[in-house]
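Heads up, the chain below is alone and in the form predicted alone; it's given as structure tokens.
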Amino acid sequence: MSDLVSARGTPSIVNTQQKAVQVQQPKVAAKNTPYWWEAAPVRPLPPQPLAKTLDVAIVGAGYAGLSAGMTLAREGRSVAAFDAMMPGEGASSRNGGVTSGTIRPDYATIARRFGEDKAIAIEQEGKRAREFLYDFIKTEGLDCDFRLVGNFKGALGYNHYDAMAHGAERLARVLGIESYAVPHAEQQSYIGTDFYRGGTVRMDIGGLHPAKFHAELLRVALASGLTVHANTPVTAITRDGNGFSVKTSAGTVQARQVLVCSNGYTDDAAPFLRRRLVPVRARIIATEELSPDLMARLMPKLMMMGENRQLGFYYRPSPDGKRILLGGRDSSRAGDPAEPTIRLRNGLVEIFPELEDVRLSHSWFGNVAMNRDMIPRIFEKDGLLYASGFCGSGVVWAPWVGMHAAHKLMGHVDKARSAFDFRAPAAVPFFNGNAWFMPAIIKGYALQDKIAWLRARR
């Protein structure tokens, strides 16, 4: 769940997780709420009067919705965002806080499906999106523990290392990104493990505190004039003359335009989008505080970390440098079972055997949203504009795509131009919100990883 994104739509995850039984044994966590909430708990907002008319109604008050709302409000539009939960309660305060801006398909796959021009444009836009985020944090004075520390990606085998090294060289040559290979002999300078066979480094990726980032984004969005209605789900959106009638739990508002920024929590209020976004559970665990000496051995440069498995883990130091947080896919679909936490903990120990006896302070889950292209998207359907589909990399993509969607609504052609503004993702066959097939898909990925592992270690 490298980067879980905007939240809305289903009953509160908090309530679901608090009902789960907490099992106190070494391989499960003491708390099943996000570690990030210790320093930046999500809070209810005071009720706001419901406007009769709006220029723009936004569904969702996560990163994308707030970015769009702030952009619109600063241009003088009357705009309100409606969130089914407390703003930030979902993915925006549950993700790993890694500013990766990852696109799941590689360059060759995107070029084959959509043409080389689209592939080049997406690569270039990733660089601009990260730069935009870093400048936005600095310019707006957002206190969110951001540090541009770089990212190390480990290779399972030497054959993987060779391919990854070529990719790093291409990034440096084509986009001017500081990116380079780290051979196995030099690996310990970056990560205290022999698990990998070398890896690559990108210095344009950093880490932040996602709940603090959302809280600060909410602060500046409210100051800009955006109205945010918390715990106010949108239940229906219908055409009404030249605009839309937006029905919410607090009443109905007339809006000239509507922007849907739901993602992993999309519900029946946006049926067209719901058939195209598959909610996938992802989970993060946090260790108890580790000694400074141990942290210095395991994460000497305090970088963000990842690897090249299909179900690969991503991990990082906490902002204070005292813990390790590790995330990955969660194959469960209901409740809060112990098995996914145990899987992640076993993965942590596989990478860092020294952590065999470490206890976990937190384990939590949230939804990311995948689409069939695995590419974020801005698209229009029947007059509604959608900005969604961040595929686990919403820390970078959600603010960027939300901002571009806002400019599109305002008719700012140059500012709205984006490689992600094209046709809607295809619908997922036999799917209407219930991801019944995900456990089987995850098992298939796990089998692929096992085969790749055996081949890499021959």
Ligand SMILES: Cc1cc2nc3c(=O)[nH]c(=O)nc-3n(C[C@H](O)[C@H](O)[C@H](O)COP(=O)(O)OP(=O)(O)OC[C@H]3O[C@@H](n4cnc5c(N)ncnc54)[C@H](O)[C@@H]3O)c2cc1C
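The shown structure was predicted, so the numbers you read here are calculated from the model rather than taken from an experiment. When you see a residue number, it is the position in the sequence shown, counting from 1.
The following text describes the form predicted together with this ligand, which does not appear among the structures shown.
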* Name the stretch, out of 414-422, 59-67, 429-437, 45-53, where some heavy atom lies within 4.5 Å of this ligand in the predicted complex. => 59-67
* To do: Please run the contact check for residue 187 against this ligand in the predicted complex: heavy atoms, 4.5 angstroms, yes or no?
  => no
* Contact of residue 85 with this ligand in the predicted complex (heavy atom, 4.5 Å) -> yes
* **Contact label in the predicted complex: residue 259 to this ligand, heavy atom within 4.5 Å** => no
* Can you check whether residue 244 is within 4.5 Å of this ligand in the predicted complex, heavy atom basis? -> no
* Asked: Ok, 308, 318, 200, 232: which has a heavy atom sitting within 4.5 Å of this ligand in the predicted complex?
  -> 232
* With this ligand left out of view, choose which of 331, 100, 227, 341 has a non-hydrogen atom within 4.5 angstroms of it in the predicted complex. => 100
* To do: Enumerate the residues of 274-306 that have a non-hydrogen atom within 4.5 Å of this ligand in the predicted complex, in sequence order, or give none.
  => 282, 283, 284
